[in-house]
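Take a look at this single chain in structure tokens; it is the form predicted alone.
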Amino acid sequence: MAMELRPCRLPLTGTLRPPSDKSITHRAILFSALAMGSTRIVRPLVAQDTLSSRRVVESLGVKVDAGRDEWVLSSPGPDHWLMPSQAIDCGNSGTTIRLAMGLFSLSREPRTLTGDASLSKRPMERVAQPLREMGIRVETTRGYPPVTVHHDGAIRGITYDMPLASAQVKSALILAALKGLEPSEIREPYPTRDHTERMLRQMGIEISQTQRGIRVEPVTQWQQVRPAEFQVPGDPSSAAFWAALAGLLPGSHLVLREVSVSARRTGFFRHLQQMGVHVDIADFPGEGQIGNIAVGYRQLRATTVDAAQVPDMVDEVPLVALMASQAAGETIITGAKELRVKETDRIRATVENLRTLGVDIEERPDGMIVRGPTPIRGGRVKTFGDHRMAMMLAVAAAVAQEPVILDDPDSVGISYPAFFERYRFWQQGQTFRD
């Protein structure tokens, strides 16, 4: 059902803990299947996407004891995974299906992964092709899901130069490389999120940095992989929407609490600083790249975004385009072609929606050009079933001149089920006190 969002110029104040990190929750769930015994996840994100990853490990025989703030996942270990019985539905989650392709590469039994209509349009050959080079059998459906994966012999080590920077592809290859006959080296054109490497090291797996990428040592016996406890911080991608609002609304001063402040996750906040927004990132000593991010309003200026910056803020590029519409000058975004194969074509969706709202924006093959500042009109916009598009448009509605009609607000359930509850709380003039 469509939702009408009315303009609201109230400042954002107080402290807010965003929902727990989706990327880390996905990985904690999926990696639990590698270690015989019980893995603890403290403050996991409970949302549609992460429940898809839970279905994957449950299909392997992992038992999940889900408390309110902690999950305990007990795995029999890869040598005792259950035989496959049916295709596993990954819902809308690209992270789930791509990382599960790597996980399922460790199995000799064919296992099939499928997804919803949106996921079924997302390319899988970028994972399938290097897996095949490792001797793993991968069958896609003309390059898309459903995907069937298994190995029926030796898995070879690989030296692979990734043509595109993608943490999902890198993570899938790392998982498959765990049973290689020799070490594998994976090289990236630009650094991407390193959650997989850090979390697997915590489980006793040997992954080291090389001059151009990472080296993965094979696991000779699964007993050497140990269960771990993963503390899940707040998600900077979910925090970004509140940071954008604070940067757009005079009088705002918001502290985003207990957020992942890894350099590979805070690109959007560094870019806000370049746009003139007050941003202060303070990490907690010894807390594993967790900290607070304070954001306050300042007048915006135009910037540029290039291919080297995109991996650190790939989910936030539509927000950059929105904020650029309120900045003085021309903002040029390049090197963002990866956005065309997200939950929707986020370049096209961003341009179409912001143009509907009166923004001077131009689509380019790998990005956008935005000229500002321009007033944001009201109007009817489309999420295309994309949770991040829905939340970006809610931010736009707050600074629009007239109401904005959002066609599918329910899509936020993929990553931030409580988003509109918190949004209405702020619009009622309340101070966040998380």
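Because the structure is predicted, anything quoted here is derived from the model rather than measured. Position 1 is the first residue in the sequence shown; the rest follow in order.
A second form of this protein, the form predicted in complex with a small molecule, is not displayed here; the remarks below concern that form.
- Using a 4.5 angstroms threshold between heavy atoms, residue 167 counts as touching the small molecule in the model of the complex.
- Interface membership of residue 342, defined by any non-hydrogen atom within 4.5 Å of the small molecule in the model of the complex, is confirmed.
- Contact annotation for residue 193: at least one heavy atom lies within 4.5 Å of the small molecule in the model of the complex.
- Interface residue remark: residue 20 is not counted as part of the site for the small molecule in the model of the complex, having no heavy atom within 4.5 Å.
- Segments offered: 21-29, 7-15, 406-414, 419-427. Contacting the small molecule in the model of the complex at heavy atom distances within 4.5 Å is 21-29.
- Between the options 302, 174, 290, 314, the residue in contact with the small molecule in the model of the complex by a heavy atom within 4.5 angstroms is 314.
- Shown without its partner, this chain lists 95, 262, 148, 334 as candidates; in the model of the complex, only 95 has a non-hydrogen atom within 4.5 angstroms of the small molecule.
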